[in-house]
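Same chain, two forms, each on its own as structure tokens: structure 1, then structure 2.
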Structure 1
Amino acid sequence: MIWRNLKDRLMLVIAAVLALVLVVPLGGMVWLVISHALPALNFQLFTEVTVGTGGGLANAIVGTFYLVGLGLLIAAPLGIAAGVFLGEIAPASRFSAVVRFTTDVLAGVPSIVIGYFGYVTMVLGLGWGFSTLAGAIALALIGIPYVVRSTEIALSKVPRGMREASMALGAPMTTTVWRVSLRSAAPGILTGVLLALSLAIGETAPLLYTAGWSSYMPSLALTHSPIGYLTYAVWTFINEPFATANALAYAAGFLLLLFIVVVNIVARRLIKRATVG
């Protein structure tokens, strides 16, 4: 009994130390970004576009929402549909095995390779030029594998008895999938969509090849229209020999961190509400 208590306390101490190892660097990174971003956090940051290495980040903020939102609109339906096919329709078919293998390979492809693929196929091949649609599709290709796998895993955890009960009551396959399986798996699916969203927010390399950069506010044109985004400001302005440019880079990093925190908080509440309901 004494030995068991000692082991429990030892594991508790080890867990606390490992948690500190994670929390301390994260806290230091957040403090570094916030402290350097403070000089640029003003009303001008949100109302003015970028001018050279100064000005504001209104164009990059709106552009980030455009790119990530459109990319998610592409990735979420396709990923969920593929996950439903793998988890509900034909989980053991040969085609499903091919889809799983392709999904795993796509998840491991470096983002810069996806960006170069987008550059060759969409920017040059289709003649779209640097554009919102090309950038959004590149982000969607990065996020789709995570939505697919999370959907399949979430569906696999739905009790088989729930499906059988639904079909025993006369519900067709589509109704069972929509009202029973997907509703029960919603928290896990939402987690995958959240992961895809977080990855899309932080990507730079694929957008350099597909979205380009623009200091103007984004237009509604999907092609032949470069667009600004926050990660470009971080990647570019941090290397400039000007204090104002460096402050803008840190401000962009702070906004990205804030966006991810807000998305996580909202998603957790939605997951908790779905689980309780």
Structure 2
Amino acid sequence: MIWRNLKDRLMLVIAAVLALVLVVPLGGMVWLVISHALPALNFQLFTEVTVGTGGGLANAIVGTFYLVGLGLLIAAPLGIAAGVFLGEIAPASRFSAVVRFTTDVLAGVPSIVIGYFGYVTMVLGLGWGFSTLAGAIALALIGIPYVVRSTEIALSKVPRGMREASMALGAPMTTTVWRVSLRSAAPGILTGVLLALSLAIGETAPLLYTAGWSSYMPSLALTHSPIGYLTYAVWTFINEPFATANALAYAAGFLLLLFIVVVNIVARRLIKRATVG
């Protein structure tokens, strides 16, 4: 008995040590980024565009929000519609099973492959060049599977009685979907959209091939005009031999982490409200 209890304790210690092994590099990473970024954080970071290997990050910050915002504008309605079909309209059909499976596999396609696909079809094929729209569509393709699945799961948690009540009142399917199911599933769906958002903020590879890069402030032109974004700044400026460039890379990395943490905290609040209310 003593030996069995000891073994139990031993396993707990081993698990804790292994978990620490992971915490050390990840904690170190957060510390590295914060400690290098803080001295570089100043007002002109948000007001000036990048000039050569220095300047600010205004173009990249605005560009990231522009790309991600447009991407979500495409991904959210499509993803929610598909999620409604899978979760509400034909959940048990064979077609839905195939679609569900394909959506999951699509989520596993490497983002660089999505980027190259966007390059071949939009940048070259449609002749858009490196552009905001091509980047946003690439991000949407990456985000859609997450919106679909979280919409479906959120809908599956809506109590059956609410739909029955709506139908008993004679409401057509459309009304029930809009006014009852989607409304009560809204926090869960929004969480999925936010998940896609935080994923899109951190993407680099698909944008290199679709959005390109620009040191100018983003224009409203959707095509034929490349656009800057924060992840690109991290990637290129860390490889420059200048301290100012490296500082920009850390500042961009810090902003990325900050945005993602904020988005995740908001998403978590929503989940809490959804499960309580």
Partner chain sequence: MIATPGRDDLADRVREGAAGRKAGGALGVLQGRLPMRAGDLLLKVVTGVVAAGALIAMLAILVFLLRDSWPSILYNGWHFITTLTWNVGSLYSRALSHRNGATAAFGAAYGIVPFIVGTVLSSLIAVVLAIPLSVALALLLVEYLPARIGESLSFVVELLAGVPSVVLGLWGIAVLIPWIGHDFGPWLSHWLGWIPFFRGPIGSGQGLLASGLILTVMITPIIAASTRDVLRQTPRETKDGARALGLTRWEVIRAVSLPWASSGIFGAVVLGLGRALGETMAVLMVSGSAANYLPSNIYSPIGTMAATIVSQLDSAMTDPTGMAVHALAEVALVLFLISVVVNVPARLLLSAAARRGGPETQ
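Start at 1 and count along the sequence of structure 1; that gives the residue numbers used here. Quick caveat, the model's predicted, so the values are computed rather than measured. Rigid core: the largest C-alpha set superposing within 1.5 Å between the two forms.
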Decide which single structure shows the form predicted together with the partner chain, answering 1 or 2. 2
Answer yes if the CA of L41 moves 2 Å or more between structures 1 and 2 after aligning the rigid core, and no otherwise. no
Aligning on the rigid core, do we see the C-alpha of L26 shift 2 angstroms or more between structures 1 and 2? yes
Taking 2 Å as the cut-off, check whether the CA of T204 shifts that much or more between structures 1 and 2 after a rigid core fit. no
Displacement in Å of the C-alpha of V17 between structures 1 and 2, rigid core kept as reference: 7.7
With both forms fitted on the core, how large is the C-alpha shift of K7 between structures 1 and 2 in Å? 12.7
